[in-house]
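Given as structure tokens, the chain that follows is alone and in the form predicted alone.
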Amino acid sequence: MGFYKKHYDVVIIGGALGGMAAALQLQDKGVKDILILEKHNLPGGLATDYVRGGFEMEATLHEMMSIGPKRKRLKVGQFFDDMGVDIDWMPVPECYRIVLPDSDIDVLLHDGYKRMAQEIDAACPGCFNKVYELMRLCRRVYDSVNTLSVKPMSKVQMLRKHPDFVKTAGYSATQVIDTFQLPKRAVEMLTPYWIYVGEPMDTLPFTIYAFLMADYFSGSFVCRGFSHEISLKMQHKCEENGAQFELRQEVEKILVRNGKVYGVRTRRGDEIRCDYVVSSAYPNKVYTQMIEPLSEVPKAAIKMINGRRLSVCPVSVMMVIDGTPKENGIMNYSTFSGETMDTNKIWKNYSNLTEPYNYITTICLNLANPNCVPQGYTQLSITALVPVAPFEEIKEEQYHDLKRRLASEMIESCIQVTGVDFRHRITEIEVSTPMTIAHYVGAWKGSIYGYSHSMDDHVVARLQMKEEDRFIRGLNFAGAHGISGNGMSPQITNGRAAAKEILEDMAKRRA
């Protein structure tokens, strides 16, 4: 018997969350003949952790959205439950603390739309009604996006059933928030999450902002076993359902004939036949390097990838520090801090490497997962999510000095908030940049957040262009670069969407 079968219904390139979600969705609908090929020695892609000096450290996950408590699941949490993937979810204690010394803002916000509005009102009296109505609008748009992503409608139907979604779809976050006539102080408190989509508020579609805010303020979760718990349990369930899951098997080529996928070739030379391919690799790489022959790539596919701009990439300092969080001056799970909340100024600052980052997010994992490190230690990460362009100019001989400088500057910014200089207590430290991500995960140019959601290219437009963006029959994409965008929860949604497209095509072929 050979290592591979002669033919599979579906080959999935990459055993990350999107690909495994696609596999689980297909299996749930009766498609069992699935091969998952992962080039690394562990599943999960960026949903992983690592060990340094005997400490297990979370690599990426800050918060997982769309989960919900056990008896009131949201869509991603319900998906895991329906698929039999039992994750040990732990609620995050608050949404965020926002610290802006120049604006005299130091406010802690919790989940719950009404509670959050009350907390902003306490810091900026007279804002409650407007903030609460803004959040209710965000929730209505959120619900519409979740519905429309699985139930396409005509423009007339959308206007009738989802009027707020339609009315706000063509406007930026800034434009819609401005209609509420909130004081600048309140707007600054409502802005911090922009960092996770990497587009200044003036060019961030309100649809994206609304989805983000409604999701985060519904409550977030982390995994007791770090994000790698998700990966391992999804892999186990895929295999239990009958999928063949192979590690250390890199796909080099996607084989195409007459505009239709017919198989893949691994780096070691195995040619594997299939009817469908789900790719976790970015379209940029697929359409320029992986399609064989390249003459099968339509010009429209190249035009599409050239017209899309990569979203942000992480610069992160991940540490284990001797002493409890309290001893290190850390009182909150999630803290956004900086010199300004003007996202245009932050974006300009992020777009160069000549000055310290003026806005960071800090996560203390202990405060959601108390046993993430041995008692008496603190697990802390400091992150800036920045454009990849400045890093493209860095020469190899400059790189390590740059990493050390960035880490030092980010730690110094964090200490200004904590009030405790913990540098001498750092036990383990790792610094990641877009180069780190590109090297270890293979993400295109180190991008973990897919394509930027801007006013001229966002989820609404992508949904409308979904059919036109299918350039090769049988080829589907699942990952951060999918229609729903970035983050671990959207990757699950993107994987399910890829499975849905395959299932619909299978149904057409049988008809």
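Counting begins at 1, following the sequence as shown. Keep in mind the model is a prediction, meaning the values are calculated, not measured.
Below: the form predicted together with a small molecule, not depicted.
Contact with the small molecule in the predicted complex holds for all three of 13, 18 and 46, each having a heavy atom within 4.5 Å. In terms of contact with the small molecule in the predicted complex, the residue from 483, 57, 61, 34 that brings a heavy atom within 4.5 Å is 61.
Listed residues 52, 39, 470, 445 were compared with the small molecule in the predicted complex; 39 is the one with a heavy atom within 4.5 Å. Residues within 4.5 angstroms of the small molecule in the predicted complex, judged by any non-hydrogen atom, belong to 243-251 and to none of the other stretches in 296-304, 119-127, 86-94, 243-251. Taking non-hydrogen atoms only, residue 316 approaches the small molecule to within 4.5 angstroms in the predicted complex. The small molecule in the predicted complex is not approached by residue 407, whose heavy atoms all lie more than 4.5 angstroms from it.
Among residues of the shown chain, residue 502 is not one whose heavy atoms approach the small molecule to within 4.5 Å in the predicted complex. Using a 4.5 angstroms threshold between heavy atoms, residue 489 counts as touching the small molecule in the predicted complex.
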